[in-house]
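Just one chain is shown here, as structure tokens, and it is the form predicted on its own.
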């Protein structure tokens, strides 16, 4: 089954199958070294600039700022959810995430 993913509203949302699913207003918890040296890093997402499906995982390219140290940078391939039986299941921003490396199997 094909899943349609794209960014909406100048990068404020990720749309999955024409439904707004993930917003930039959340603070995401990232593992040490994924974004900055904070353990863990609490990153406020400021805008999405890309979205893709890698295996069954929906990954986003985004810009964020660490609330602890102030680092602002881009994040490539941040996992934001999974496709299970053709349905999108978002990950909780509070759950610790790491970045999906290009070419990594994510099924």
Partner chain sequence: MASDVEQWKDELYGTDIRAEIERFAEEGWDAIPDDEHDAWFERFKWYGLYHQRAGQESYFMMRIGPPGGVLEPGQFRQIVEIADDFSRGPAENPEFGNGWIDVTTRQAIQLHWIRLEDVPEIFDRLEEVGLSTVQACGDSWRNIVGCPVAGKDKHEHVDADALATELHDTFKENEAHSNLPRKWKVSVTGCDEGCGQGDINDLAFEPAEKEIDGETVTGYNVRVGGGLSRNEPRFARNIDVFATPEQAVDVAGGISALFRDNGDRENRYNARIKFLVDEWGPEKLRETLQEEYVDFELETAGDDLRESYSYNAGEADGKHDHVGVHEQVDGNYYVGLNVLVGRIGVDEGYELADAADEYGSGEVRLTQRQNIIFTDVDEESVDDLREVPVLEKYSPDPHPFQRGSIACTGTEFCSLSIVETKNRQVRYARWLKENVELPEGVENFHIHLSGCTASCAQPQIADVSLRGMKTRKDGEPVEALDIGLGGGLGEEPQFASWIAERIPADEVPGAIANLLENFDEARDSEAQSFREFVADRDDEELADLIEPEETDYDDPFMHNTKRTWYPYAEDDDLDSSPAPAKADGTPIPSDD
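Numbering follows the first chain given and starts at 1. Quick caveat, the model's predicted, so the values are computed rather than measured.
Only in words, not in the display: the form predicted in complex with the partner chain, which the text now covers.
- The partner chain in the predicted complex comes within 4.5 Å of no heavy atom belonging to residue 83.
- Contact annotation: residue 68 falls within 4.5 Å of the partner chain in the predicted complex, judged by heavy atom distances.
- Taking the partner from elsewhere, residue 38 is found to have every heavy atom lying beyond 4.5 Å of the partner chain in the predicted complex.
- The partner chain in the predicted complex comes within 4.5 Å of no heavy atom belonging to residue 89.
- In the predicted complex, 42, 44, 46, 48, 49 are the residues of 42 to 61 with at least one heavy atom within 4.5 Å of the partner chain, listed from first to last.
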